[in-house]
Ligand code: ADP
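A single chain comes next, written as structure tokens; it is the form predicted alone.
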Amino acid sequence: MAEVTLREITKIYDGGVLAVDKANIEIRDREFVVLVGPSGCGKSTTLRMIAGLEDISGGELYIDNRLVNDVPPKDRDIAMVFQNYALYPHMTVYENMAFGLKIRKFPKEEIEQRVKEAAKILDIEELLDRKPKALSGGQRQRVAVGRAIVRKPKVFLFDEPLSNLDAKLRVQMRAEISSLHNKLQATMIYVTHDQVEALTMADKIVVMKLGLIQQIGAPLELYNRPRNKFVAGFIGSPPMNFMVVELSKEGDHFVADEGAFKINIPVETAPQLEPYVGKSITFGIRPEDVEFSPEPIPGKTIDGTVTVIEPLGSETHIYLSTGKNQFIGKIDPSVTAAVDGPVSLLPDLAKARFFDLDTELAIYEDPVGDIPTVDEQIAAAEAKEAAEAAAAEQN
């Protein structure tokens, strides 16, 4: 397998449309990396540039330490699994899986061995004589993956491969692709708009928005320490709740005034808020980090009116309105509440997140730390290059 390195990769379409802006990503050998973000964020364009299906407007792309900007797709030693499966309808499963090897003039015996090995891994041995029209969506997706496996490429690329499947099958295939990664120990790059897929499958997640990388990190790192408001709201389901509050200080606690209620935040819980006293900030809390309170508690609860109740069996999602803000809380299903009735939620302030109102960056005591900005990534890369060049000159 191989490492994949993107250094300031940029894509500009005709008309000056900037689709990807100086993307810097290091993908280690055998790593499962997921590019995630809303539609139009540039994730599929980035994947297609790695595959060689889109020209690179700027920057450098390396696969296995080889510069491949101008290398045609067939010579990059990658295999891609598409959203629509892209199977030949007139060919059997066996023929679909073998086709790429045949045009590369592999011996017949090796083709048969590779196809049968892949079919066994994917549990589709009994389907080899069928044609795609006789297969379910999940079976077609397994065949598409099998066609990639027989190639034994350095890098596997997946472009939203599960989006055409129903919810239950998506969960099943998600687990199967993760299991496949463990079996093959392969380098995999996976694109999705579904942050649940990203959280459950990835070793590392790349969050994108409008062509810019917002944050790169392990799933729990992005969940627990989002770099900005966008990442905080995108990672997690249901998404994080946000409210704009006026921040003041009274004795040993800050006061976050939402208008309809106030939350007292002990100074030791969030000392980084000191410079924001007298200003407006964004207060964020995840639905799973609140508890139902039988009555309002001044200075502690988020109070409002129930607008929607969603019983899900193991938990209940309750939506409330304060007039200015909408909130979602995950509460115990035994709790009784009524639409249009009052409700109070008690937030776990140790898990609350705060964001600068202007920059939307998270307010931490160590705001850079393990969450470097894109500019900092580029600066670090340039500094490393300069140091290596200086060392080479000395030698």
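Don't overthink the numbering: it's just position in the shown sequence, from 1. Everything quoted here is computed from the prediction, not taken from an experiment.
Separately, the form predicted together with the ligand exists; it is not shown, and the next lines address it.
- Site annotation in the model of the complex: the residue of Ala362, Cys41, Ile328, Leu61 reaching within 4.5 Å of the ligand with a heavy atom is Cys41.
- Contact check for Ala387: no non-hydrogen atom falls within 4.5 Å of the ligand in the model of the complex.
- Using a 4.5 angstroms threshold between heavy atoms, Thr45 counts as touching the ligand in the model of the complex.
- Using a 4.5 angstroms threshold between heavy atoms, Ala383 stays clear of the ligand in the model of the complex.
- For Ala19, a non-hydrogen atom is located within 4.5 Å of the ligand in the model of the complex, even though that partner is not displayed.
- None of 331-339, 65-73, 351-359, 33-41 except one has non-hydrogen atoms within 4.5 angstroms of the ligand in the model of the complex; the exception is 33-41.
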